[in-house]
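Encoded as structure tokens, the following chain is the form predicted on its own, with no partner shown.
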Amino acid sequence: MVDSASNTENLIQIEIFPRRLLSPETAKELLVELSKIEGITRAFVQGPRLPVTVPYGPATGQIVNHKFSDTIRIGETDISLAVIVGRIRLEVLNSEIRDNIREVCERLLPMGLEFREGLFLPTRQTVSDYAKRGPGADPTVLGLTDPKGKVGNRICTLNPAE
């Protein structure tokens, strides 16, 4: 794994923004294909949050059985989708990897997509990072903190041995 916090000049950040929210099956297929590409250092999945329980009304506290709520398996890691996948932000090593990702996205997302290059993931520690992980936070998880989330419940490491 690349230390993205100390080597930010050579890394490329891209955003994949499909024209529709992705179903769990499509999201799984896309994320599995992206996980097979070597050279992706960080990934961030974003979209509307899926409620776990009913927040108010007569059914307050009951579990929501949403059709987009699913657990997907990528490699050896099970990931519980807490959002409907609306965009994916990636940090990659070079432009060749970017082109491979673009080819995979165009093949798997026939509805169309926007493929942008820019700065989408923070490269320095944010206030939320400091509050959640302290001053010596792992540089690979910088900027991946959900300010409303509980500590450690939404970051998945696909290749923990690296």
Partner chain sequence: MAYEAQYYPGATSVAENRRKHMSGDVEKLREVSDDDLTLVLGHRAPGSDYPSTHPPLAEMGEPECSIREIVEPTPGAKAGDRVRYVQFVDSMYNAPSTPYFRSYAAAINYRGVDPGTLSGRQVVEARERDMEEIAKFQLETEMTCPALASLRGATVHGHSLRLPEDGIMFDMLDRCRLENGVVIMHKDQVGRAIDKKVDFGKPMSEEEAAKRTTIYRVDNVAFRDDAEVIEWVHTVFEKRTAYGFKPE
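As the structure is a prediction and not an experimental result, all values here were calculated from the model. Positions refer to the first chain, counted from 1.
If you look for the form predicted in complex with the partner chain, you will not find it shown, but the lines that follow are about it.
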- request: Tell me, please, which stretch of 33 to 41, 55 to 63, 94 to 102, 133 to 141 lies within 4.5 angstroms of the partner chain in the predicted bound form when heavy atoms are compared?
  value: 55 to 63
message: When the contact criterion is heavy atoms within 4.5 Å, does residue 10 count as touching the partner chain in the predicted bound form?
response: no
message: in the predicted bound form, is there a heavy atom of the partner chain that lies within 4.5 Å of any heavy atom of residue 79, even though the partner is absent here?
response: no
task: Indicate whether the partner chain has at least one heavy atom within 4.5 Å of a heavy atom of residue 26 in the predicted bound form.
output: yes
query: Can you check whether residue 21 is within 4.5 Å of the partner chain in the predicted bound form, heavy atom basis?
result: yes
task: Using the arrangement in the predicted bound form, list in sequence order the residues of 89 to 124 with any heavy atom within 4.5 angstroms of the partner chain.
output: 111
